[in-house]
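Before any questions on binding or motion, here is one chain by itself as structure tokens, the form predicted alone.
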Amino acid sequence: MISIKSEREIKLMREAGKLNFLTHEEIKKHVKVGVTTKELDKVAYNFISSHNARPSFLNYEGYPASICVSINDEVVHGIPSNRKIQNGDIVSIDVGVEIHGYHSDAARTYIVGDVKKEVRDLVINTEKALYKGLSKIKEGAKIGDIGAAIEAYAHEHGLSVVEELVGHGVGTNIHEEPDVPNYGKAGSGITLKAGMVLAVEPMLNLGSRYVYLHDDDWTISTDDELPSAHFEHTVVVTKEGYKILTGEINNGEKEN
């Protein structure tokens, strides 16, 4: 069932979104060569906890950490460990925050040191693809409009779209209906209504779209071992467009 959030609920989700943004800003200070992914996880846990909130991912369906840290060919759900970040890595970090019983979800991919131009372009264009998808959001639009815009932009820039992983609704659960694919046909799917809260999250690959699940039952990597990038925002649908809940103190919102 797809829920329409009340003004009270959206206000609470703004708080969760603001803290998500601030958590990313805190993590960003520590993303550098030689730092372990487990250290980044500790930074996130301590920061979120210090604000009387909870990491949404910790113990979610058995997930053992507070954030997901996926490096290079890892698409999503990388489990923090003693692995050290190296020069030339791209590091995707996914953060979920729960406060007052409501969640927010946002991801960024960071470039560490010197990377090839094609890898830098992958990261830049994945973030741009996110905003191409968001630009289609408003009351009366179709869910397929989002994915079609992301897919078209990805293909225009020689990137492939992971189809097994999709965006989703957000609310009192971190994953709610509806699914928000990063591919599809414009004009298809459910009709968006004001008050829906969605996490839109393109995961784009430099090589083929195909992925596999590691033995840890969480980490997902590209089949061809080429890099993947991931960007995500939690947004609320409005009559005129959308508002980003996980942006810069919520000033990153846009209405179209």
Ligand code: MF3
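The structure displayed is predicted, hence computed values, not measured ones. The first residue of the shown sequence is 1; numbering continues from there.
Not on display, but discussed next: the form predicted together with the named molecule.
Only one segment in the set 118-126, 167-175, 133-141, 149-157 has any non-hydrogen atom within 4.5 angstroms of the named molecule in the predicted bound form, and it is 167-175. At a distance threshold of 4.5 angstroms between non-hydrogen atoms, residue 94 is in contact with the named molecule in the predicted bound form. When contacts are judged by a 4.5 Å heavy atom cut-off, residue 77 counts as touching the named molecule in the predicted bound form. By the criterion of a heavy atom within 4.5 Å, residue 232 is counted among the residues contacting the named molecule in the predicted bound form.
Contact between residue 57 and the named molecule in the predicted bound form is found at the 4.5 Å heavy atom cutoff. For the marked spot (73, 89 and 206), a heavy atom within 4.5 Å of the named molecule in the predicted bound form is absent from each of the three residues. Heavy atoms closer than or equal to 4.5 Å to the named molecule in the predicted bound form belong, across 191-205, to one residue only: 201.
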